[in-house]
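This document opens with one chain alone, in structure tokens, the form predicted alone.
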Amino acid sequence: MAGVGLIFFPAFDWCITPDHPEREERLLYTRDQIQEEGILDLPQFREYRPRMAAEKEIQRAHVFVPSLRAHITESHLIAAGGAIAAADLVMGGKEERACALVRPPGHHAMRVVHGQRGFCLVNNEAVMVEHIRQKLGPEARIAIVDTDVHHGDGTQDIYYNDPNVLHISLHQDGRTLYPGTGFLSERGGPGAYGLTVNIPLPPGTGDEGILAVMESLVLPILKDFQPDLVINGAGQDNHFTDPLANMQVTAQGYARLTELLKPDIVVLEGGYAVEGALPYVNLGILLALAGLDYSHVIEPDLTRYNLRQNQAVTETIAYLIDSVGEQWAQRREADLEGIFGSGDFFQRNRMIYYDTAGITESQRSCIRLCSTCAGWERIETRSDRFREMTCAVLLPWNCCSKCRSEAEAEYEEAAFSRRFRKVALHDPQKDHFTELRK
């Protein structure tokens, strides 16, 4: 049996609107369930307080436009700090595993932040991962397995070109659900191709399907990657009662998924059936983390639903397992020049919609193609709310001397350019983050 540290933060004073799905009741019912079941009276569980993340800890993962303080609230800092506190419990040897039941959620928050999207402003998992890497060093290998029903596009964006972070996202097919991304073709940047693994599940996927993916695909990939830590972005909106999605996973399915995955750290993401799902799913996850029996965790209205995964869904999932497994096995044989070109830079132009904030970002990024390191990146960004241009220069972990010199020179040039109102330099190896506002 494993010792499990629990960090709980329901964000009493934060919501998008009082009747919005992302509101404080999301976790209050869970708290009641945990107390009723006497979870914290069991010797395997201990509760710890969250802490407030420092601004620098947030900046390790994000560039905020126009500034961090223009967006951030105390609740966001505590949610991110709660995830960091969970990581410290594991890294410090106080607990074998830890679970951060915190809100607001974060996995739709990308590297550049102009506002909230998908209810997210700060990527709690990315902030936590960067904290972990500062502690464990640049060679630390981290796996993030995102089981939220929505594609973890923000986490994917932050680690798209990072060779030491494996990002696996299981989600409802983006053709049928927000944010409309997370397809098999999204496989990572030139410095980390193949380490972005998307598994777009068909609507109607149930316990049978999601557990087949976990056993036959996710676990073999993790065994091959050999991470130092496994983090579960535990979105619970695959549940059969969730109002924002179309899946059929039960509390038993989530508990078994957790038992199979054996994550070191769990961080809550979405899940909006606040009475009929979250208390039971969270309870099942906690019991599974501790290696305790979860067979009695059953939703009270389960018998009202006919949860049978149909044959077409089963066949689609079998195809996904084969296709994604083949992609993973052949990732090192990919024609990177054919995918990213043979010039000095790979360029991406994107329009990013912030559904919660109601704004649109225009972004151009250029990644240096380097045979020695992952290559530095330059991002130029503006939105219809913040129209003045921001430039961010991002160095990778384990940056080679040539890329470091080029990136620093690029930052100096941008700092004197009249094109940009804000210029940022992110250097994780030195844990140095500079932002110049003109």
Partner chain sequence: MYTIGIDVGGTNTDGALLFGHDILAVVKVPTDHEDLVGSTRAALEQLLKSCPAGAEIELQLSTTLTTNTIVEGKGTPTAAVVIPGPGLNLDQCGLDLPFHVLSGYVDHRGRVIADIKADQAVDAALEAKRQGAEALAIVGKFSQRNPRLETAAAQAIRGAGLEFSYITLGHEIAARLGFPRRVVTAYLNSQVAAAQERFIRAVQELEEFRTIRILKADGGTMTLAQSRQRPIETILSGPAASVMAALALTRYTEHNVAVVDIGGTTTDLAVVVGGLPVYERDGAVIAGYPTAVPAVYSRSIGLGGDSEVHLTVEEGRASFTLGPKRAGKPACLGGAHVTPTDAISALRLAEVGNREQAVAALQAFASPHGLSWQEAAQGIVDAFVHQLCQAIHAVYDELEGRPVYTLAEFLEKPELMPQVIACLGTPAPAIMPAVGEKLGLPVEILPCSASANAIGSAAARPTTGITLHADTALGQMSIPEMGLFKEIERPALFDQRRARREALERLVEYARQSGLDEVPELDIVAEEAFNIVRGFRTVGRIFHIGAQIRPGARRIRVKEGT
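Residue numbers count along the first chain shown, from 1. The structure displayed is predicted, hence computed values, not measured ones.
There is another form of this protein, the form predicted in complex with the partner chain, and it is not shown here; the text below is about that form.
- Contact annotation: of the candidates 208, 186, 275, 259, the single residue with a non-hydrogen atom within 4.5 angstroms of the partner chain in the model of the complex is 275.
- The listed set 89, 112, 231, 283 contains one residue whose heavy atoms approach the partner chain in the model of the complex to within 4.5 Å, identified as 283.
- Remark: of stretches 383-391, 367-375, 49-57, 405-413, the one touching the partner chain in the model of the complex is 49-57 (heavy atom within 4.5 Å).
- At the 4.5 Å threshold, heavy atoms of residue 21 reach the partner chain in the model of the complex.
- In the model of the complex, the partner chain lies within 4.5 Å of some heavy atom of residue 35.
- Put simply, residue 296 is close to the partner chain in the model of the complex: some heavy atom of it is within 4.5 Å.
- For the chain shown alone, residue 182 is not a contact residue for the partner chain in the model of the complex, no non-hydrogen atom being within 4.5 angstroms.
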